[in-house]
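The chain that follows stands alone, in the form predicted alone, written as structure tokens.
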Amino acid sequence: MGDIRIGVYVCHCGSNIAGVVDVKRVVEEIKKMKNVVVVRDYFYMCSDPGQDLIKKDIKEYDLNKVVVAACSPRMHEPTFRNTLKAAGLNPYLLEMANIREQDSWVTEDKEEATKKAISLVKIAVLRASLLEELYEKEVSVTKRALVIGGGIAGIQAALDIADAGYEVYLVEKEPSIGGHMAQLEKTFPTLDCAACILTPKMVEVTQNKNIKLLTYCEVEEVSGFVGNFKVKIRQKARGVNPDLCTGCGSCAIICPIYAPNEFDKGLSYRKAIYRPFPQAVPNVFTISFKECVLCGLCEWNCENFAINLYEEDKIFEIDVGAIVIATGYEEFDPRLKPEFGYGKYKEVLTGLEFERILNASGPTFGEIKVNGKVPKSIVFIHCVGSRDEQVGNPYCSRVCCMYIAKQAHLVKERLPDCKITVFYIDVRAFGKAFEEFYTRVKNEGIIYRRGSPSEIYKKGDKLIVRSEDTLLGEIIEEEADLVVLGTGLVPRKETLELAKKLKLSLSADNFLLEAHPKLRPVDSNIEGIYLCGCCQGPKDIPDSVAQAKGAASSVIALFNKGKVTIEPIQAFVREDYCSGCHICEGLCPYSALEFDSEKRVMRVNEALCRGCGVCPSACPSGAIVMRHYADEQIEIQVGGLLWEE
């Protein structure tokens, strides 16, 4: 390759680095190193002037390697790679030394921070001397998307992608799309009818020629890579042909079997053949074979011959270029907080159960009744299953404060004489018009008491809520005919299973982890797979819709490019060393290793390899090597540190 000519650039990052590290001293020390042609420091290397400085030096000093000492490579490595590319240098001849997160941010000792910065930059220079040119590859993109989850987030993402002219498969595991929003009475803070704003969106899905709606389906398996995913989908046996069913309901009328209604949270009953709710899309009945006794009455009664009692599940495969995950949330199970008596007392309900009671199409048709009686006093309790280390949910669920305020308002509107008490820890009215709505509710005569209840027990026909009022500093006991628990949001079990299938990362709270919390909030750790709605973390309807639009925009941008670039930092097999032991094959999380039966060696599928490094670390013969992270590149860094000591 000729002479090695390295340029080193040390960033001040304002005072983030320079406030602790003596940058000038770092520059002077690095100037003494072999192969270093130029060393500069600048206030912000990532700025346009900072990048222009690097470009100018590459041409003026004929640099063929560049070291940038700044922040985490995760933050700005793509930025500086593009800088090298713009100057005509291979972008993989860049090495970054992290002297912010790994140095200046973790100490206040300026002397030690400076010494460490010098060491980090020195070993970066040593490694840079061994870097080799790597070249990206392009593959074509299948311009068809898969959206998993038919709640409001999934619906919005599917509509936006379809409206851009691309085909979309919308997969929903339930018989109808709509998700949890379909179960709500009104939405805060505007008090819009949930069904009134959701139903047109649901109908729009069926009318959009670019959307293929797959309800009562689940994703079984996903393989492939960005732009070229292969997805196996299980079509569960519905027992009813959607193309023949007219939704007349005669089958449900004649069905003799009753079962708890999941849509009403078990507060009412449905038949074994049922439609989840009146506005269901598609407007098709479904047989729950768990309860069905195969009596044949529905089949005999159906004039359109739409019913097949012996239908079986079907599995089919689709090809897509991008996937959007919108699998939503589950309501926290209050049985994990036995002190509240949920499941023991019928008068203790979750927030979503009470939402169904308030709903005009719910079990009581919107009339507030419990055990056949109109309650004269209701207690709401905040943060049940949220901000609670004991149940492993330290996070705030974001919606509970406001849905309790909404429900309290609706109760006051329908039962003006009902005494309403709300126990809260803090009220988090963070969104647009939330604070005004909260103030309005308080002014309606609803009592807010600061304190977290410790116990609910029964005394006669009344519930007693025992709590400390932390403002008054005293223990109080509040009588109630009904207690509503402000249950928080937790990840769905199905989402966790899907994460395993797709190799997606999870955050500490078990929601799906975004690639970067600020700069890439809708990207997952797998390129071509995007997140939106409550699968990524608790959020309200407007935020879910906004994130869905962001995910859809990412998909559209990918499809508009038509091709996707595959990063060359990957494993490769030195065939002379490979013994064909297959150890690496079973460990690869991306199924990127294939056995060549003719040569009896392993091969790497470059389209699938993500450069995770598992296979070279496991290879007993050292046959697998990581491009850009070769053994000699790591060894020279370790040797540099040992030589210093």
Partner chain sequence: MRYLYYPGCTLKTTGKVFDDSIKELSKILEIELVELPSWYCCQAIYTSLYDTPSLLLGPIRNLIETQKEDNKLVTACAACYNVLLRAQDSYFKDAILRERIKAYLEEELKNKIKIIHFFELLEEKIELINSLIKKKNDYTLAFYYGCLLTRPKGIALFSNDVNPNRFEKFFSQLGFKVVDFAFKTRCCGSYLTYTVEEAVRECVEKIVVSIDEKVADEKECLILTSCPLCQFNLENYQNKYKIFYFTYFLLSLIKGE
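Residue numbers count along the first chain shown, from 1. Fair warning: this is a prediction, and the values are worked out from it, not measured in the lab.
Although not depicted, the form predicted together with its partner chain is the subject of the following passage.
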Checklist entry - Any chance Tyr44, Asp103 and Lys110 all have a heavy atom within 4.5 Å of its partner chain in the predicted complex? => result no
Item to check | Option touching its partner chain, based on a heavy atom within 4.5 Å in the predicted complex, out of Arg466, Lys373, Lys501, Lys412 | outcome: Arg466
Checklist outcome for this item: Residue within 4.5 Å of its partner chain in the predicted complex by heavy atom, from Leu506, Leu336, Leu352, Val139, is Leu336
Next on the checklist: in the predicted complex, is there a heavy atom of its partner chain that lies within 4.5 Å of any heavy atom of Lys458, even though the partner is absent here?
Outcome noted: yes
Checklist entry - Does any heavy atom of Phe289 come within 4.5 Å of a heavy atom of its partner chain in the predicted complex? => result no
Item to check | Contact label in the predicted complex: Glu477 to its partner chain, heavy atom within 4.5 Å | outcome: yes
Checklist entry - Would Phe430 show up as a contact with its partner chain in the predicted complex if we use heavy atoms at 4.5 Å? => result no
Item to check | Options 173-181, 75-83, 449-457, 319-327; stretch whose heavy atom lies within 4.5 Å of its partner chain in the predicted complex | outcome: 449-457
Next on the checklist: Using a 4.5 Å heavy atom cutoff, which residues in 542-580 contact its partner chain in the predicted complex? It's fine if the answer is none.
Outcome noted: none
